[in-house]
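Okay, so we've got the same protein chain twice, two forms, each given alone as structure tokens, structure 1 and structure 2.
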Structure 1
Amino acid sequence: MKEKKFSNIRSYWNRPNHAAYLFIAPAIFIIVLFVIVPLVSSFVISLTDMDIFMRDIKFIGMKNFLKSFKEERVWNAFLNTFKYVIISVPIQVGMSLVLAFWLYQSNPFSKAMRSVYFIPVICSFASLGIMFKMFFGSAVGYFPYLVSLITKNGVPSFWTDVRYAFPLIIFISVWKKFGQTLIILVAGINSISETYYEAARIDGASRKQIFAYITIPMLWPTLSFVIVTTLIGAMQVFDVVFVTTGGGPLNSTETIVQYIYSRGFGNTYDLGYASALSVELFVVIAVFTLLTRRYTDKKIEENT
């Protein structure tokens, strides 16, 4: 009886449409454990008055959300995040696209340059932030020293100046991340049939015309993936801000994730309020992602 039951179970899972669930089960388990459960937990915690030590937990409904709508610092953090996204994402994708078209060919020079550009990607964002903080620091930074030699106005302090701190963060982020975008776009360009390029060259098209009228239209599926993933990553920028400015000067570089961290794990330990801000950020990212996907899908349809 047991052998027959075991045989039935084995025959059931030996079917291709059933066996597939066994292969995806580990991935589903990881997604549920590290994505679904934290999302649901964040929403539940956002409805409570709870500190990080989980003492005196009180259900307060939507009060954390209503409080965040009235807090000026939250709006400032979201504004800084949007500024970062609007500036860094086009620069990163645009620069990667131009370099990908320049370096997509399989020759020693292109391979070497792609490797060089990819090196910052494998480095820790925090360590790069510390390195650039020292490089641009007024105390030991070499760049401020060179500027002082040229201007004769003393050593400037870039990280404590509202005019320079935010652009420096964008520069570091683009420098660190664009190599990954470059490699993905190179792969996308190499997937385009060479016959299109040969036909364009026979017709006398210039390199700029080939880039504008063949490469970009044919590359929109890859561009769609790159834009969406870069946008999502930019909305969650944290580590480079944390190790360079800590949100300063005067909260001019404080992003929403930086503020969530300071409220949840700073002096207040207000886990409920931080969770409410996390839920708001999730909704904003979801909306931006859907709008971006709708635009990129439209561009794909137009060019197919």
Structure 2
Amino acid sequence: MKEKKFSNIRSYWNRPNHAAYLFIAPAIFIIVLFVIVPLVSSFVISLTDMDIFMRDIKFIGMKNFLKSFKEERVWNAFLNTFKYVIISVPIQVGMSLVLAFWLYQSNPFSKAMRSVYFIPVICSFASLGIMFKMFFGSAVGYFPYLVSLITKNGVPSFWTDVRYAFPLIIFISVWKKFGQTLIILVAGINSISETYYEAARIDGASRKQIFAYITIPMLWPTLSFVIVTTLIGAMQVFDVVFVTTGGGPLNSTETIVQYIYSRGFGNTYDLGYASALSVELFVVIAVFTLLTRRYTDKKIEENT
């Protein structure tokens, strides 16, 4: 009897449409428990005054949000984040696009260049941060020394100067990430059918014309993905700031995630308030993504 029941269970789960649920169960379990539950909780926590001790938690409604709208440091952090997005995304995508067009073929030179450009991608921001802090630092840095040779004004101190810290951060993050964007764009270019290029060449199109009238239009689906993901990533910028300036000097490089981290886990432990800030970031990212997608979708439609 017992054995019969066992074989019934086995045959039940052996039916492909039943077995499938067992196959996806572990993944669903993890994603529900560690993505969906936290996502929903985040909205709830943002309405409380929870701190790290998690005792006497009170619902305080929208107070966290109202408080954050009045806090100058929040505005500063959001503005810095926007500044970072608006400057770094076009540079990173534009530079990778041009390089991808030059290096998409699989000859030894292009392959070698792509391999080298990818090296920063495999390094952590933590180790690169140590390297660049010293490289651009006034004490032993090589770059300030080179600058001093040109300006003859002594060795400049870039990290403590509000004018230069921000551009340095953008340089470092583009320097680290453009190799990755390049690889995606090269894969996109190579998936464009060769027949389009041949037709263009027969018509006597120049390389510039091929780039503008064939590559770019055909590349819009990939380009759309690259722009949207780079943008989302840039809105969440944290690592590069944390390991170089830590937000300074005078909060001039503090981004919103950096501020969320320091409110939640750094100096103070206002989990409720930090959650409210992360909900605000979530909304901003969603709006940015939707607007960008609408633009890139239109482009894709125009070109197909």
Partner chain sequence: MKRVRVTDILEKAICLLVMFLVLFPFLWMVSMSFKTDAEIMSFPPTFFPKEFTMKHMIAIWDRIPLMTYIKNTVIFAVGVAFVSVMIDSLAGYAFARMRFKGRDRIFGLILLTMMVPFQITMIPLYIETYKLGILNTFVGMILPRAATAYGIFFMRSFFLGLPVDLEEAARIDGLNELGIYLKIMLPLCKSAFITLFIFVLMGNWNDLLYPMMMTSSTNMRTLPAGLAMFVGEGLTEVGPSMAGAFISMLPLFVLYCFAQKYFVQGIAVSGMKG
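Numbering runs along the sequence of structure 1, starting at 1. Computed from a prediction, not measured in an experiment: that's the story for all the values here. Rigid core (definition): largest C-alpha set, two forms, superposition within 1.5 Å.
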Notebook entry, point to check: Out of structure 1 and structure 2, where do we see the form predicted alone?
Noted result: 1
Next item on the list: Answer yes if the Cα of Met62 shifts by 2 angstroms or more between structures 1 and 2 on a rigid-core superposition, and no otherwise.
Entry: no
Notebook entry, point to check: Core-aligned, does Val283 move its Cα 2 Å or more between structures 1 and 2?
Noted result: no
Check: Hey, core superposed, how many Å does Ala27 shift at the CA between structures 1 and 2?
Finding: 3.7
